[in-house]
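Take a look at this single chain in structure tokens; it is the form predicted on its own.
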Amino acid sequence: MSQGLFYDYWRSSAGWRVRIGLALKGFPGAGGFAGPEGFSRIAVNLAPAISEQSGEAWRAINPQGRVPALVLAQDPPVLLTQSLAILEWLDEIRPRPAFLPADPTGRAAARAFALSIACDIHPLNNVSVLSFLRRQFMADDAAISAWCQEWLRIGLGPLEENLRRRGYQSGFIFGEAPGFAEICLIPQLYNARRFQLDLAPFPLLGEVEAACLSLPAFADTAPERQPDAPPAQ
């Protein structure tokens, strides 16, 4: 029996977090999550030229107008939004593999790492913010890239320092398997490349990325592998 519906956009970094989480937890269908115990994926086009984000049909499902969102197949249906809340829910309904360390201090540190990305970095390069900069301040592509690069650089620097102080050398950050920190980090590094940020100053973050992308849960859920991604040019 299907768990429900998963509303997503191929290039949404928050959506990618949930795709990774679903895949790590073993829900069937790494890209579309269609299966007897999976979530049927429905694409919501957030591209500014088409944007379904503000359309009545999508707002009727999720009044916030954002992705990702899960609509659980319950009676009545239950809407879950916000990627980190969804990841917490997944961790509670399917505890293994765990997304957070077992000890309270480790859990707090992993959450802080993830929240630094989800709350401090990501919102400033979200499509709604960038659209406002274009509309209100006539920002062109160069100005948008400069804006995103500045906030990405400011945000990623402390995360690199965090790893350095932890004595990180290889593998994952808070244990033997990826969790909240990696699930948030990998999509954010993808975004950094989109805005042509030089990632050379962040070699430790790059090591984490390489470890994660060697896993199907990260590689198979990447934006370009989603069915609504445009054909490669």
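Everything numeric in this text was worked out from a predicted model, so none of it was measured. In this text, residue numbers run from 1 along the sequence as written.
Omitted from view is the form predicted in complex with a further copy of the same chain, to which the following refers.
Not displayed here, a further copy of the same chain is kept clear of residue 95 by more than 4.5 Å at the level of heavy atoms in the predicted bound form.
Within this chain, residue 42 is remote from the site of a further copy of the same chain in the predicted bound form, having no heavy atom within 4.5 Å. Interface membership of residue 71, defined by any non-hydrogen atom within 4.5 Å of a further copy of the same chain in the predicted bound form, is ruled out. Among heavy atoms of residue 104, some come within 4.5 Å of a further copy of the same chain in the predicted bound form. If you check a further copy of the same chain in the predicted bound form, you find a heavy atom from every one of 63, 88 and 161 within 4.5 Å. Contacts with a further copy of the same chain in the predicted bound form, taken as any heavy atom within 4.5 Å, map within 97 to 134 to 104, 105, 107, 108, 111, 112, 115, 116, 118, 119, 120, 123, 124, 128, 129, 132, 133.
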